[in-house]
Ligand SMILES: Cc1ncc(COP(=O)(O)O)c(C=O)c1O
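Take a look at this single chain in structure tokens; it is the form predicted alone.
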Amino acid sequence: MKNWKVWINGRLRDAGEAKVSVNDRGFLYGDGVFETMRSYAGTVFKIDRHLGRLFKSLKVLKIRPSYSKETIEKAVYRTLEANGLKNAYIRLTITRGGADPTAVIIVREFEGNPAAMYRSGITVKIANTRQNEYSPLTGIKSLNFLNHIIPKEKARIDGYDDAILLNTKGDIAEGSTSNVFTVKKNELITPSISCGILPGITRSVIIEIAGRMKIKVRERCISPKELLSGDEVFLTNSLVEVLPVTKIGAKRIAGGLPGEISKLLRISYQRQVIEETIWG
């Protein structure tokens, strides 16, 4: 995109002119939080939940933002409009800054992922990296993201699409940028918050959808062995929505094809997106 605009500290600027100080604590120490959102037809899906999680994370880090939720929401839409985008990836970052917090909104055109990813599913490996469920950073989208980046890059080098992290107890925690679900005997199971996961926005929507469809949902610990024996496995986040996993390491899941419940939940999720963004 040429001449795209970035919202930074209350003003829209050309990307080439948008600057963050070298003394910004987000740059120096990863001292800040972020949210990744997706807009459909010009409406950001579940923006209220994303901003709620963001402000909760800021409270944990004791960062007092310079802008209210309402101001940030207006700024998101202002940035989309300035860039002429309807379907977009949105990245909102707030750091402790220097003298005052820094807030940045970046948007990019995003029409979705390749259809082949959903037809065939993706491959993942269970990483050796552990997610510390006792850390104060657990449950917030901190800029300290290397614990997730490193296993994903290692998985990519090893020929996989993504990685799944364990917690310190050896149970399944989360994907590198996603929440994990498995299906066993028509029951939907996902690691609970106490397992050291980020409470994903898409995760919460899928749990709600499953409840309306009378699919039993259980939030509890999942061992790697149980995940490998699941009838289906899929990942969720705002960008991929519901992404089937058809291979974990050398083990094929669901015969190497996306499962029926995974497909049904993806269709139901997309229907809700349409109802709330396009028709709403």
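Start at 1 with the first residue shown and count on from there. All of these numbers come straight from a predicted model, not from anything done at the bench.
Beyond what is shown, the protein has a form predicted together with the named molecule; the following relates to that form.
Novice: At the 4.5 Å heavy atom threshold, is T202 in contact with the named molecule in the model of the complex?
Specialist: So T202 counts as contacting the named molecule.
Novice: Do P191 and the named molecule share at least one heavy atom pair within 4.5 Å in the model of the complex?
Specialist: P191: no contact with the named molecule in the model of the complex.
Novice: Does S178 make contact with the named molecule in the model of the complex, using a 4.5 Å heavy atom cut-off?
Specialist: Output for S178 is yes: heavy atoms within 4.5 Å of the named molecule.
Novice: Any chance L198 has a heavy atom within 4.5 Å of the named molecule in the model of the complex?
Specialist: L198 belongs to the contact set for the named molecule.
Novice: Sort through 62 to 70, 250 to 258, 237 to 245, 221 to 229 and report the only stretch with a non-hydrogen atom within 4.5 Å of the named molecule in the model of the complex.
Specialist: Selected stretch: 237 to 245.
Novice: K152, K141, R96, K125: which sits within 4.5 Å of the named molecule in the model of the complex by any heavy atom?
Specialist: It is K141.
Novice: Can you name the residues of 117 to 151 that have a heavy atom within 4.5 Å of the named molecule in the model of the complex?
Specialist: Stretch hits, in order: K141, F145, H148.
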